[in-house]
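What follows is a single chain, given as structure tokens, in the form predicted alone.
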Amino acid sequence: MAGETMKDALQTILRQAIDCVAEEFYQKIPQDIGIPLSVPPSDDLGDYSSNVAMLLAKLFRTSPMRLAEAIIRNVKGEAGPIAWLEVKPPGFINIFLSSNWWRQRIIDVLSMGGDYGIAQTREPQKVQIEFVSANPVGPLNVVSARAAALGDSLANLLSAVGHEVQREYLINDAGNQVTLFGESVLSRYFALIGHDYPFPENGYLGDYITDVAEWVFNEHGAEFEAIEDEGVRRRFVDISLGRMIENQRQTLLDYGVVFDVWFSERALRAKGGPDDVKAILKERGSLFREDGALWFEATKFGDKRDRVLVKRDGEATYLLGDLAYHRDKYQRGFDLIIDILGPDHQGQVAGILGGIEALGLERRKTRVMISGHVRLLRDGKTLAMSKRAGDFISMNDLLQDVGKDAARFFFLLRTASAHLDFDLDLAKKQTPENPVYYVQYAHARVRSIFRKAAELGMDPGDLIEADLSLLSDDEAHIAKRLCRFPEMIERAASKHEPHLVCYYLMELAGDFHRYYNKTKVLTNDPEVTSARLALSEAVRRVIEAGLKIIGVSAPDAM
């Protein structure tokens, strides 16, 4: 990142000191040596701590304690953000920030607003994130909702730090599932026009199939009565499928997710994408035939077993389509391709990545993330989620039940691949138990403080000019949390971990609520009031910025 975070500044200072110690000990250390920094569990152990002396002690042929003492002795007299350092057994270097440094961060937040903490990357990339990409044969479900929250928040993060990001949705509009969907809708449609049409075995049940059939009937009447005509049948399926895709698009829009590209698998097949893949793999010696099927020698590229590309009946497998799709992505010139796949796709990752390599493409340019399983709970009981049986909670149902903000926040409360229990009852509570309410209420509480100040006729003046030396140790703790916002954004973006934003916001909100409950912000002393309002406003702005990243609103009142 081009901008310097607190960790960057401290690591530079320690690195310079270590270089001095290396000369003293006549040692040469690697230029890329890492300097770990962590936040200690309590303030009396410093604001940051490093175990770098323990990591380098063997190289320096000395004890960690002696090396740590030598390092802090070589820290320059005016070390920017550092007030003092101390060494603790068995060789930790504890770092205490200067008050001037954290006070300046409050001023930075107030002066920079939404730009605070957003440093531009040194190496901007053209990034494509493909996510959701659900079969267009039914409403989006809660697994898709989790993937949407993850993909959209990650796109926001990467865009914020300077990458060019494209959000893409693959429409799986080819294959047996589309045929089965069309036959299911046809059966309901013919019932509406007074004719019998057999419902397909293993067809899609559920009210949404009837809803699509009714929509087609209302828009087109009995136009498709002559369904025996292949052209009429094809048009009926296209119209029905288009209705479902439009429903999915609207659901995502209600969720705050807008895709830049909706990519058709059928169009990819029409222009010969799968045939091109077969030709390239054949030319590179990575195909073989067995039992009438066409196989890809995936074991040569790290997979546990070889994979079928074309079945004995001539039907292409999902893998062939996936490889054709990824080849198309590479041809579009992306520097980084991120696929967010559902939990049932875990077993396909090795085949996709191996196929990319077999096609002669750079495997390292593709990263596959798995969005973990979701279990919905209500009254402590698990809710069913079977799309084909028609007995499931759709993404629309979820949004109507708990709202966009709670849904997005809750889906980011765990790492991407972790199993997630979504407690619907908790998501609707307006109590501190509900994490999204807890964070949003901190933002609204600051707004309320300023409204109260206005009612009392208080004029805090220009908050940037507030005397921040009047802030206490408790207030310094909050300010230091603000200092760590830029490094959290940097880590979340570089590691592709938007859940870190939620973790940070919950910690900051907790700090502020505890502070508010024991400290009177509006006092009889105008200068103290102004300082506390400056801190409060800085907290609000950082919470607002963090919520924006994850696509959650920052209400002024609750």
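A residue's number is simply how far along the shown sequence it sits, counting from 1. Keep in mind that what you see is a predicted model, and the values were worked out from it rather than measured. Between two forms, the rigid core is the largest collection of C-alphas that superpose within 1.5 Å.
Quick note: we don't show the form predicted in complex with the RNA, though the next part is all about it.
Shown here without its partner, the chain carries L150, R266 and K404, none of which come within 4.5 Å of the RNA in the predicted complex through any heavy atom. Remark: of stretches 151-159, 292-300, 213-221, 256-264, the one touching the RNA in the predicted complex is 292-300 (heavy atom within 4.5 Å).
Interface membership of M54, defined by any non-hydrogen atom within 4.5 Å of the RNA in the predicted complex, is confirmed. Heavy atoms of T62 never reach within 4.5 Å of the RNA in the predicted complex, leaving it off the interface. When contacts are judged by a 4.5 Å heavy atom cut-off, R103 does not count as touching the RNA in the predicted complex. Taking the partner from elsewhere, R491 is found to have a heavy atom lying within 4.5 Å of the RNA in the predicted complex. Of the listed positions (D421, E164, D229, E246), a single one reaches within 4.5 angstroms of the RNA by any non-hydrogen atom in the predicted complex, namely D421. Distance criterion of 4.5 Å from any heavy atom to the RNA in the predicted complex singles out H373 from the list K126, H373, K271, R284. Looking at 513-540, the residues that come within 4.5 Å of the RNA in the predicted complex, counting any heavy atom, are H513, R514, Y516, N517, T519, K520, V521, L522.
Taking 2 Å as the criterion, A293 counts as shifted between this form and the one not shown: its C-alpha moves by at least this amount when the rigid core is aligned.
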